[in-house]
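Listed next as structure tokens: two forms of one protein chain, kept apart as structure 1 and structure 2.
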Structure 1
């Protein structure tokens, strides 16, 4: 090969990686950040999976560069440059080149072995909590519904008040916000009672499906306290896109505080202090939202964990009378036939448990920030937020529920008070 041919080969083959680099830089603006980015793992499982991804990625990139360089070279080198060239007499039938073929097959197999070894390790690693940590693992059960997630804590016990006013034990469950301890493996049993869903917290672990009639599970571990976005990843019907959830990882003390607060029955406000000067309930001051409008504010998204912590405290300006009205409406508007509020005597099981809904940072399956406006948006027209959802179809429509602005106001106050 003459020197200048070699040089031009070099230049040409260098073009491609350069282009690729440029493309990478350009794409950098929408690459690494983002609350569901798999490039930003916060736990061992996700990190393991990302490392494996990088292995496959580099092996494939090297193959692409090598084969691509040859292909590009071939394209330029053997281009017919004249009419005679373009009509050259074809050579006789040849038999390929066994040596080249076999060595290329060998190289491909080698490349695949490089991928195969960490893959096999990863399959066993990500399947279950490592044996030496099994005893330390915290167990929860996640159940998918159209379109929300229920989280049961089988090893915790909650309290409720029975008809005679006595405090008794009850199941400990929450919805759409999974609170887990930091630094401990968490084993999540995955269940579903309707269609297939898939449980995915990109920063903590890859997804595992919730299959009807099948006992799937997944394990995660969070390195440090944090707030993570999750989403259903298997098409599960009309509102699949808005079937989201959040995971909050807390240090041991904070986690225990949360557990003990959750175990309590619903919070009751002290009887209202007579205060004539205080204005009666405020109406119609709620924001209106467009269809599909984002349910969270930038301020909240900037530091959601702080938002979540703030949410644990009672909101200022609570109106005990209004809350009491809301509590009554909750039964009379048939909300209670689907939702549980422990301690208030509401034991519906179709929808999410609401005993401590006010202490969650989001409502409506991780979709809306938990504040007055968004709660109102949700109960005012659930179908706008989550098309086809049960609260709308078999609640509002089936029972012909009509809420006046006053009703909505009281219900919002009640739900917000459930810390």
Structure 2
């Protein structure tokens, strides 16, 4: 193929991808502040990792411009400008110019060194809490399950009630929502009890794997109060795509208030004995959902931290008799064989702890907003929300659990009361 023909084809073939790439870059600018954008860091670890990304991008941009400039120069210099040029002998080619080859090798080594220095610094920095802050680090253990996350607070003590009615100490844990103090490093021990998972909070730190039979860890720190999206970033089974969690960063006073509330046994909303069998008027009809419909509202997405704070308060108009009925159904429908509710005598380890589930902003591992309709959606058809989950396979199917609309009403009321 003659040189001018080749250059013409090269120019035409490159035009569309270039325009497509430019359009993609420009459209991507509007996504940089999304809930899982790594371009909007809110902590020192995420900032170090973003800085490393920018260094790599700048080095690659310089290489791209240099190669592009040489290509443009050669295309222009040897362009066939007339029929005579098109039929002329091609210019003499030169191979093995020592100066060119040594320069290219030196430039490559220099580019690698420029990238390697901040890379190594970033690895050392993000591996563990800096030595001068280690003593002040808050420790949490995150454990991955198919398909949810458990968060243990080993330095905190929760309260529960034993069979004799005496208050005793118990382990302190939550599920799918990790609450941390602002401005304080948090060391997270990463574990898994089944397959490989990957723990990722894009705005606070990069992803780190949870490996079976192997201890791993990372650390994070939030600059200010905020609500951050996280998820599993390693394929781990049928519902991997909906294995999510949230990180809520709170100021010192608000964080301590949250710890105090979480340490208490389950909230009891007792109904008078005479009224226990007489619930108030039933809830209004639940709304219906399409399969794979989003589980959060626009109002919640606009300010999830405000939604989380509102969720800490008791819901207005609670029906104490209906809640009491739901508490009994929780045991009779075998929910208590998988879930712990401290203070109500339910101790299960297969599923998430539900002692204060009503105070969480999301359910179903960060997939659904924690409101009346979404809770009903989850307990009514959990397999449609998260295919293959153990609540459906090992609970509903294995134990042949059947729920009437009245049962669902009572269970929703009970779960929503656990603030």
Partner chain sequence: MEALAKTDFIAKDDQPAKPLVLWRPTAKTGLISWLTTVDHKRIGFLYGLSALFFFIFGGLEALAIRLQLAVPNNTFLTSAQYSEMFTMHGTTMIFLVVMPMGAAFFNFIMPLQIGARDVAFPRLNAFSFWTFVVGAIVLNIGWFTKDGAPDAGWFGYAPLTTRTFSPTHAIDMWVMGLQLLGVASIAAALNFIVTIINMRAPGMTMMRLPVFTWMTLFTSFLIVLSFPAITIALIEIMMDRLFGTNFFEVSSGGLPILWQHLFWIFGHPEVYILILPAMGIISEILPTFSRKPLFGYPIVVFSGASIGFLGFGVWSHHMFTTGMGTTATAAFSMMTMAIAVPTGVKIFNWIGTLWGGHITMRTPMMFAIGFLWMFMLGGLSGIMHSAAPADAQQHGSYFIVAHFHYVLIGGSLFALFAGIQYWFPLMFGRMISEFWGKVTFWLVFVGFNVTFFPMHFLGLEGMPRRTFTYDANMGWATGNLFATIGAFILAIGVATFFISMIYAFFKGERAHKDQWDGRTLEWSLPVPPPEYNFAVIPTVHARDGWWYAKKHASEIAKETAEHAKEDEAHGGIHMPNQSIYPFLASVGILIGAIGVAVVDHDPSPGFWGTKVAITILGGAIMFVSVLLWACEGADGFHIHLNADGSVREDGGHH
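Positions refer to the first chain, counted from 1. Think of the rigid core as the biggest set of C-alphas that the two forms share within 1.5 Å after superposition. What you see is a predicted model; the values in this text were computed from it and never measured.
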Query raised in the report: Which of these two chains, shown alone, is the form predicted on its own?
Result: 2
Report task. Align both forms on the core first, then report whether residue 73 has a C-alpha shift of 2 Å or more between structure 1 and structure 2. Result -> yes
